[in-house]
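There is one chain below, alone, in structure tokens, taken in the form predicted on its own.
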Amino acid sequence: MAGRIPLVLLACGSFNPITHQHMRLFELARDHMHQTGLYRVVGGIVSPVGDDYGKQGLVASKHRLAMARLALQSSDWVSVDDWESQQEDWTETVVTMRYHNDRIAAQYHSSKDPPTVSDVPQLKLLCGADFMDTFKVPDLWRDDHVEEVVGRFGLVCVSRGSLQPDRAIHESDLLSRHRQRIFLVREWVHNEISATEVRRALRRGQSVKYLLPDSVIDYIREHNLYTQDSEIKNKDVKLRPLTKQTIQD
């Protein structure tokens, strides 16, 4: 793959808990980006959101980080990063992307042999098709943040079920303007694993074997996660992005 653009894929989200579907996104995206003939994927990053996000049923980041690390033990190219989850307040996706972009560039520039611009990996946001619909939620995203995420960095979006990310692009002038920066990946082997449904099964005492790695299931049992009580956490709390937007406006 000589001459191709090196690329790092970053996935931000709750990972509550991480599932086989989350990990499949990376494999599907890597295959697709290699098939473009333009890119060489050199790394992947899982970045769990901080506890202040305010999503109902969100367990502590220390547990979500631990489960993600257990799940990805067998991966030789995807790692788990705790920077986002360790910030004092919820951190916007674009801020997390800036951090990792700068960190990656610094790593390459500190090497013995000064790298050329083409040696420094690009960073793109990896997401599922449902992520595209979040751009339409009022007050959830700032337009300048969407512009930077898509226009500066770019998206690799993997389809899921009946969701149609191409429609979200069509219905948004901003996304359409950066259509060439959005890579749509089709998942032909349907995988409908949902973290929401996994949590529901867990709190009802039902089996989730083969939906999650065994090491993650063992961790959940050991720490008694995803119970009836944990699911009502943040039940009446407004998502931090919405309250933070209000304060900034």
Partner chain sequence: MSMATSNWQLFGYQHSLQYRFLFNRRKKFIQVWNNMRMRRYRVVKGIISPVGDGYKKKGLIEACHRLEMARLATLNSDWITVDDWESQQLEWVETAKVVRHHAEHISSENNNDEVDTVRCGKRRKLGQNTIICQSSSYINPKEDTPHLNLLCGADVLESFGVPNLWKPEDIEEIVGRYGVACITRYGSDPEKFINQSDVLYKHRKNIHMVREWVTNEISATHVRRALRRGQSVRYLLPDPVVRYIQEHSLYSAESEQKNADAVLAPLQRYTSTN
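Quick caveat, the model's predicted, so the values are computed rather than measured. Residue numbers count along the first chain shown, from 1.
Form predicted together with its partner chain: not shown, discussed below.
Taking the partner from elsewhere, every residue among Met23, Gln35 and Asp214 has a non-hydrogen atom within 4.5 angstroms of its partner chain in the predicted complex. Residues of just one listed stretch (55-63, 217-225, 185-193, 40-48) have heavy atoms within 4.5 Å of its partner chain in the predicted complex: 185-193. In terms of contact with its partner chain in the predicted complex, the residue from Ser172, Thr134, Ser75, Asn101 that brings a heavy atom within 4.5 Å is Ser75.
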